[in-house]
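Next up: the same protein chain in two forms, each one alone, written as structure tokens (structure 1, then structure 2).
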Structure 1
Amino acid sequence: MAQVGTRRLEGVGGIAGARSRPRGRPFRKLDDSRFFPLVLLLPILIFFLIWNVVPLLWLVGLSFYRYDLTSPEPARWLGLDNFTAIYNDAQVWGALGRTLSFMFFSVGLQTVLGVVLGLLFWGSSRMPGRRLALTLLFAPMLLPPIAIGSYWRLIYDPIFGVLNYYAREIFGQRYDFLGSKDYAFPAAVAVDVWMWTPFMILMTLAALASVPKAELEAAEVDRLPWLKRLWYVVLPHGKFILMLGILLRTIDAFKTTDMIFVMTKGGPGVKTELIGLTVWRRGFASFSMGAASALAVIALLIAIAFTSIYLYVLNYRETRGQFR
């Protein structure tokens, strides 16, 4: 036993005077108990149970049934029939393929444009009215998608649309952007690009802000050329946030429904019908809930896969401690 030397003083107290016995507490409080963490979690668990688990089970269950709201007959067990039907459904495959190319083009364009414009905005911190300019810039992504869809219907309108007028001024020709087979899809992509490029600008600015100031200063003192600075200084720090941005956009592009719904309803034909719209249509246009659920289950799985990738990237960075 390491009894350290005996000491001459009797301890008499601290600055406030000693009161050596703590005041006893008559009863053990709830928050000392080991159930306290559970109490904190209870509300979220209830929400999770009622609004996530129940619908999820419902959804998965329903996907094995034939269940039409319009028909009087009760739900009928189908097994995997709904899924095989989807597998054989060219329309679904078409919508999936269209969604993929929508994601590819719109996210790709947003990224390129966003990075370029973001770099342009780098160093604008002392711009007069910067806050207002950024508000205008970021406005598209924060307005109701429903409203956005309707604006663009107005702008794209073949007769009085402002875009058509200028198209004719320049190309001498009118375009029915949303009504024509050739232009509807690019027109939808264009709206998405307009709406979400500001997001990629935001992410690029965040990525640039994550580059330590000293490293930029060192590159300046070391006289590195512009491109080398981007490559050796900016990219190693910024790529992570940029990656998160791209992933978030990909997940979000997969979900696009409202805006298309208002703008084209998937038309002309199925030219702009994305998977979200297909699910919606199956459920609430033809009221075949079973088939819609099966499709929803598939969409769900794809979304979970995307989210996993996102979180994996996020976690990878945290565990590898790449902050320094």
Structure 2
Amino acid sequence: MAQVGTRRLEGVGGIAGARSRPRGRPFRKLDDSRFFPLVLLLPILIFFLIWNVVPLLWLVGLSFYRYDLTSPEPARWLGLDNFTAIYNDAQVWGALGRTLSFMFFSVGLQTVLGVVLGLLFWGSSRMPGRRLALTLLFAPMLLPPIAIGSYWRLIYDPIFGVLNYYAREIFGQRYDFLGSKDYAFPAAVAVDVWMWTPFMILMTLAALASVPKAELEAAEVDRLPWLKRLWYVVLPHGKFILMLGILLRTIDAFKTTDMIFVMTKGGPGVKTELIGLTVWRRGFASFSMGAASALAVIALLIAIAFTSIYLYVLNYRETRGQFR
């Protein structure tokens, strides 16, 4: 009787197992399939294709046409005429020069201030209120650029701005920071530095955290000066993270548009008109989509060139060491 009961139980278990197995077989086959990673990545690839690749191809194709939204005529093939016109346009060269100057001063100041403040916070791990100070310091880069531009436009206001209140109290006069041809560009650079220096502090702290503690302790035991510690110990390990931060900030500063648009709209005159604002004016103010697309393609190629230069500088030592 016990054997019969055992057989019945085994039979029941076998039937239940046989019934439950087919349900998991398709998923098991999918798990074991080499196409399973592709299935997981497929939604992201479709999203990237629709929202990035297709508009980029449309932009490149439109740059070879004369396409004006205000003209009843259909789009007409121009070949390289749009790019030739940009090459001979002094306004574009002026905007490109101002953009490069804005990028150089803003990213340079952000890097210097970010590295200095990052080293200070790195060496003050026991400072009371350190976490609160870092949280407040990182707040500006979390705000939208449009909000930052509106906020600083009120601060710079020559009549009721906070900055002009202290300028009148200290120097006895007011300054039209955003309306003066001498102060508008430095004022815009100062706002960008205020907003994105915390990002470089964060990248500096990440670079310092990548340094092995054993090497830092060995440098301390050998009484290596702090400048040599930075050059021979910290920099070899943290240079990739730091250069990545500089690269991201360079590209972001090169395409700055919204903050400048809210603060000055490119004025006074064209003193603060950057390349992104020039593209906006030609595309959405003059409705010349072909010329705006050509200028956007040139700006994209310049950004790619900056990326290539940074990657070459970053890998220069490794490449030189391999061929020795």
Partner chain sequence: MNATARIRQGLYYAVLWGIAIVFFLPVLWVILAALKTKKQIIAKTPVWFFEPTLDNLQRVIERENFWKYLRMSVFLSLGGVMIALVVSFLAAYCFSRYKPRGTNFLMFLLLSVRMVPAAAVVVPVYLMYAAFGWKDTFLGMVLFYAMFSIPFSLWILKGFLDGVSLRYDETALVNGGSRLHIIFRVVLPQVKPGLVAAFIFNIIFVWNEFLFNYIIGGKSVTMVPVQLQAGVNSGGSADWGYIAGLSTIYMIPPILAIYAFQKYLLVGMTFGTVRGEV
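Numbers follow structure 1, counted from its first residue as 1. Small disclaimer: the values here were computed from a predicted structure and weren't measured. For clarity, a rigid core is taken as the largest C-alpha set superposing within 1.5 Å between two forms.
- Looking at both copies of this chain, which one is the form predicted alone? Pick structure 2 here.
- Query: Superposing on the rigid core, do we see a C-alpha displacement of 2 Å or more at Asn88 between the two structures?
  - Reply: No, the C-alpha position differs by under 2 Å between the two structures.
- Query: On a core-based superposition, does Phe284 travel 2 Å or more at its Cα between the two structures?
  - Reply: Stays below the 2 Å threshold, so no.
- Query: Does the distance between the two CA positions of Gly269 reach 2 Å or more between the two structures, the core being superposed?
  - Reply: No, its C-alpha moves less than 2 Å.
- Query: Once you lay the two forms on top of each other by their rigid core, how far has the C-alpha of Tyr310 moved between the two structures, in Å?
  - Reply: Rounded to one decimal, the shift is 5.4 Å.
- Query: Relative to the superposed core, what is the Cα shift for Ile44 between the two structures, in Å?
  - Reply: Between its two positions, the C-alpha of Ile44 lies 3.4 Å apart after core fitting.
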